[in-house]
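Single chain ahead, written as structure tokens, the form predicted alone.
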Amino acid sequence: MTQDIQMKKDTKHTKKKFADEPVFTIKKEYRPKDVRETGLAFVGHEISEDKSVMNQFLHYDQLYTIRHGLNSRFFIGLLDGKIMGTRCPKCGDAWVPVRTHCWNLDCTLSVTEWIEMPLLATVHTWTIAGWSGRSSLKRLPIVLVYAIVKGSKVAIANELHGVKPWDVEFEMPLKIVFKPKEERIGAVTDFHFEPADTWKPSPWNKEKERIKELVDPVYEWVKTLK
């Protein structure tokens, strides 16, 4: 009798299996042939058969696996040249970067749904990088922006290309530009921002002059790099 009671207790506290293990059928490797050490670099990924789960492999002295879990569709979307967001079915708020559950208290953590977002954004804020890691030194100065994808309630960070650092403005309209398909790896570096085709810089002013004076030495220093 005691054993029966104990077995029932053990069964009661056994963890339930909430989901089946993903079956990964799409696999890609970027590691150069005959090269074992690549420094800090993405070296491959795998995607489940139903395209709902993605793992990425990052090499940095050793191999790491980045498991995106419920956020996987965002990174899979990048491979297809899409910005995927999530939206609450109750209040309608949408997010990029994505949220798996709604942040509004009245929605009681409702599970969000996936939606494709427009390739348009606006500058929320920005900074100018005058120093970087070795792989990016020759691209300095780099303009980094937090931009709000059209329809999103939050901002996402990425580089802004095609504009002089002193011409960047708050709320300037942007477009999202992807790398060629064969170069995409399912990471945020697959895309960048550029000024919208309709945007024109504002007239020259003292603030622009100040920023130009700060970044001009960076341009000159980069010219000296081999």
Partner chain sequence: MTEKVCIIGGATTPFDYGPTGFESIEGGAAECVKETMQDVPGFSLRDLDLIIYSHFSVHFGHQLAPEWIIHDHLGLVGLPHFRVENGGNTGGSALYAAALAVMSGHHDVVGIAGWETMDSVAQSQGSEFIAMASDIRYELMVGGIYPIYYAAMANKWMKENHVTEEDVARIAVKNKNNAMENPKAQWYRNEHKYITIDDVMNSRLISYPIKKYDCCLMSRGVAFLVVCSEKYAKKVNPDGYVTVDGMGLSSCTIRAGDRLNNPGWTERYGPGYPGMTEFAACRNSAEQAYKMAGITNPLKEIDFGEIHDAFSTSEAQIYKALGLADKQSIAQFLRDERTSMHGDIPMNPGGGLLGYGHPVGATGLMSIIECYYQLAGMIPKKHLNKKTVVPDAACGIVNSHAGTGTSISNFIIRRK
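If you superpose the two forms and keep the largest set of C-alpha atoms that fall within 1.5 Å, you have the rigid core. Residue numbers count along the first chain shown, from 1. Nothing here was measured: the structure is a model prediction, and the numbers come from that model.
Below, we refer to the form predicted in complex with its partner chain, which is not included among the displayed structures.
- Taking the partner from the other structure, its partner chain in the predicted bound form has a heavy atom within 4.5 Å of a heavy atom of Leu58.
- Taking non-hydrogen atoms only, Val111 never approaches its partner chain to within 4.5 angstroms in the predicted bound form.
- Of the heavy atoms in Lys150, none are within 4.5 Å of its partner chain in the predicted bound form.
- Taking the partner from elsewhere, His124 is found to have a heavy atom lying within 4.5 Å of its partner chain in the predicted bound form.
- For the three residues Val43, His101 and Ile115, a heavy atom within 4.5 Å of its partner chain turns up in the predicted bound form in no case.
- Here the chain stands alone, but in the predicted bound form its contact with its partner chain, taken as any heavy atom within 4.5 Å, falls in 156 to 164 among 156 to 164, 23 to 31, 174 to 182, 194 to 202.
- Contacts to its partner chain in the predicted bound form (heavy atom within 4.5 Å) from stretch 121 to 143: His124, Thr125, Trp126, Thr127, Ile128, Ala129, Gly130, Trp131, Ser132, Gly133, Arg134, Ser135, Ser136, Leu137, Arg139.
- In a rigid-core overlay of the protein, Ser132 has its C-alpha displaced by at least 2 Å between this form and the one not shown.
- In this overlay on the rigid core, Glu194 has a C-alpha that sits less than 2 Å away from its partner position between this form and the one not shown.
- With a cut-off of 2 Å and the rigid core superposed, Ser48 has a Cα displacement that reaches or exceeds the cut-off between this form and the one not shown.
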